[in-house]
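What follows is one chain in structure tokens, specifically the form predicted alone.
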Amino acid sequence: MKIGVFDSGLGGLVITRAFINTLPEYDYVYYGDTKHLPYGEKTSGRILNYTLEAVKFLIAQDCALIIIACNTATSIALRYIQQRFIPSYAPSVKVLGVVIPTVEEALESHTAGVGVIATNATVHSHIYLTELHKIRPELAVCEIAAPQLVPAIEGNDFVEAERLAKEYAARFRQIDSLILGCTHYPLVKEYFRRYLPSNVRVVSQDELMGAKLKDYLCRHAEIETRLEKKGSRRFYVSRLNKHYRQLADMLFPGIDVTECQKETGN
């Protein structure tokens, strides 16, 4: 059995690379739904449908553990998938998201105010606000949607991405941690660090998810013992063109990406 990673596009390759760097012995399958990105501007119903199809695809690839690396899909679809879909469709499979590990990391140090930058759908779900307040109800949380940032990154326009990061960074006040609530944002984390005050800690998911997965597997032997350790990697996307191939190679040098012909929604 394998570890599956799903993202709405190619940004999740950064998280997959973090997993592989930390736990290189395991077998991985990545699926990026490049046909339907960006998820952050889609309706909740479409996000749920796309995510369900992606999870089904990864289950068909013999994945015993699936990480929904997409923050938008986590915020909209994870609870339904965990509580209603998986118990009847594939009860032996575990599906995890990225929000709770990120919240835990953001609160490891004393924090008076936390900023969250994410897609429209993630911000409107208030999933980060909810999870942060479960641990610290008194915490000041500032959420800002950045709908233009993912298209700039997926478009390989990092001049525009830096301009946007500078603009968004200026809107945060009185925070000492900033959560980058999208798996694309590790690619622009240094821009936020450049334009935020030096005392603001930038929490980037590529820097924490490898250790979080290792900790999870140490605590869940019933999952870990089912996973193969041949070091294989397979990468799939729902749409592949020259641009996506170049972007994938930039994010994960030497990667061999296959277009999956399976339809993942309308």
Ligand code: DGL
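A quick note: this is a predicted structure, and the numbers were derived from the prediction, not measured. Numbers follow the displayed sequence, beginning with 1.
Same protein, other form: the form predicted together with this ligand, not shown, and the subject of what follows.
Checklist line | One stretch from 194 to 202, 224 to 232, 30 to 38, 49 to 57 that, in the model of the complex, holds residues within 4.5 Å of this ligand by heavy atom | finding: Every other range fails; the passing one is 30 to 38.
Next item on the list: Indicate whether this ligand has at least one heavy atom within 4.5 Å of a heavy atom of G115 in the model of the complex.
Entry: Although this ligand is absent here, G115 would stay clear of it in the model of the complex, with no heavy atoms inside 4.5 Å.
Notebook entry, point to check: Though only this chain appears here, would I153 touch this ligand in the model of the complex if you measure heavy atom gaps against 4.5 Å?
Noted result: Looking in the model of the complex, residue contacts with this ligand do not include I153, since no heavy atom lies within 4.5 Å.
Notebook entry, point to check: Are any of the heavy atoms in I179 no more than 4.5 Å from a heavy atom of this ligand in the model of the complex?
Noted result: I179: no, not in contact with this ligand in the model of the complex.
Next item on the list: Determine the residues of 113 to 133 with a heavy atom within 4.5 Å of this ligand in the model of the complex and present them in sequence order; the list may be empty.
Entry: Residues within 4.5 Å: T119, T122.
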